[in-house]
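Encoded as structure tokens, the following chain is the form predicted alone, with no partner shown.
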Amino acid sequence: MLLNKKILIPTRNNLTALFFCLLVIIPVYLVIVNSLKDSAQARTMSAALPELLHFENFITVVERGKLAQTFVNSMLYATSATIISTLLSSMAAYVLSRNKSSLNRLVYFFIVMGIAMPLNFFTLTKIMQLTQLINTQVGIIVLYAATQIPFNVFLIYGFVDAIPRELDEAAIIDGCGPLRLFFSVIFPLLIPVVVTAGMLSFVGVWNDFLLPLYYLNNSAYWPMTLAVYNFFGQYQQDWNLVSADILLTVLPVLIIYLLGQRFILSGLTSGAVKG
């Protein structure tokens, strides 16, 4: 009986993992193979391999879908929001972690509540209109940075707790001011978790669809996610072009995620253990 459990449990776990892997891999496979077919072959979105490889689909998508411009926009939004959010979150997490007063604890929980609280688009629209940030690139960057701060603070806060306070005291004795103390002593120690927060923020901003849909009416400011949405509306019968568009949109963030996966896992693990 014990031997059967030792065999059945790992087998069950492996089959479960295989099932969930297939749920992820099959849609990706369908997009890849159909992006290389002609319009007639791709109409059914079948899993069959293409008879001929139509790489010109990608050129057509770049030209008609204006992907070059939207790629620059997406890179601008994701990079700027990631830098702003991770920097501000690191500073906030350090201050809140080192000064655990009742007020700071309240501020910390107020910030972290942003992880679970949904956006109120009606109120947010009014604020964007009053500040004249609606339909501007600066406005969407500020929105993205603000939405990423709660989780980043939560992630970095536990990591800061693991850094000995003696380092702060030694730096102060050596004459470091608050900014120099943070950027010269503390921030280099936060690099693993900061990279983790930055990678997750970048992926989240790149894949977002709702904020630019609501707050960017000018097509010149659209990111790649909105370009895919618009392209699908125009070419919904040409699944080969739609698949090529989707593939080109997810490819940059997929490459970045694969390159940074090691940092993401190490940062999450370190924060969880040390926090």
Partner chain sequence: MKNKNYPFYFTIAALALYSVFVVLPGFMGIAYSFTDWNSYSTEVNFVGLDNFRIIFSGAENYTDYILNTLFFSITTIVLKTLIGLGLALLLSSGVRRFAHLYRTIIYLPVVLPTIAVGLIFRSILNPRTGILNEFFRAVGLDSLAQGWLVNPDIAMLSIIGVDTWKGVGYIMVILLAGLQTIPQEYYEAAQIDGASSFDRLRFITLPLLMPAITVVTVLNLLYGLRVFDIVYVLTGGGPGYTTDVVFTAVFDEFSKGRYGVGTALSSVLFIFMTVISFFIVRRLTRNPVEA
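Note that the structure is predicted; figures quoted are calculated from it, not measured. In this text, the rigid core denotes the largest set of C-alpha atoms whose superposition between the two forms falls within 1.5 Å. Numbering follows the first chain given and starts at 1.
The protein also exists as the form predicted in complex with its partner chain; that form is not presented, and the subsequent description refers to it.
Visitor: Out of Val195, Leu76, Ala146, Leu189, which one falls within 4.5 Å of its partner chain in the predicted bound form, going by heavy atoms?
Guide: Filtering the options by heavy-atom distance leaves Ala146.
Visitor: With the cut-off set at 4.5 Å between non-hydrogen atoms, does Phe58 touch its partner chain in the predicted bound form?
Guide: Although its partner chain is absent here, Phe58 would stay clear of it in the predicted bound form, with no heavy atoms inside 4.5 Å.
Visitor: State yes or no: in the predicted bound form, is some non-hydrogen atom of Ser102 no more than 4.5 angstroms from a non-hydrogen atom of its partner chain?
Guide: Contact check for Ser102: no, nothing within 4.5 Å of its partner chain in the predicted bound form.
Visitor: Hey, in the predicted bound form, is Val228 touching its partner chain, heavy atoms inside 4.5 Å?
Guide: Yes.
Visitor: With a 4.5 Å heavy atom cut-off, would you call Thr125 a contact of its partner chain in the predicted bound form?
Guide: Flag for Thr125 set to yes.
Visitor: Check each residue of 159-184 against its partner chain in the predicted bound form and list those with a heavy atom within 4.5 Å, in sequence order.
Guide: Residues within 4.5 Å: Asp161, Arg165, Asp168, Ile172, Pro178, Leu179, Leu181, Phe182.
Visitor: Taking the rigid core as the reference frame, tell me whether Leu15 has a CA displacement of 2 angstroms or more between this form and the one not shown.
Guide: It does, since the Leu15 C-alpha is displaced 2 Å or more between this form and the one not shown after the core fit.
Visitor: Once the core is aligned, does Leu251 move its Cα by at least 2 Å between this form and the one not shown?
Guide: No.
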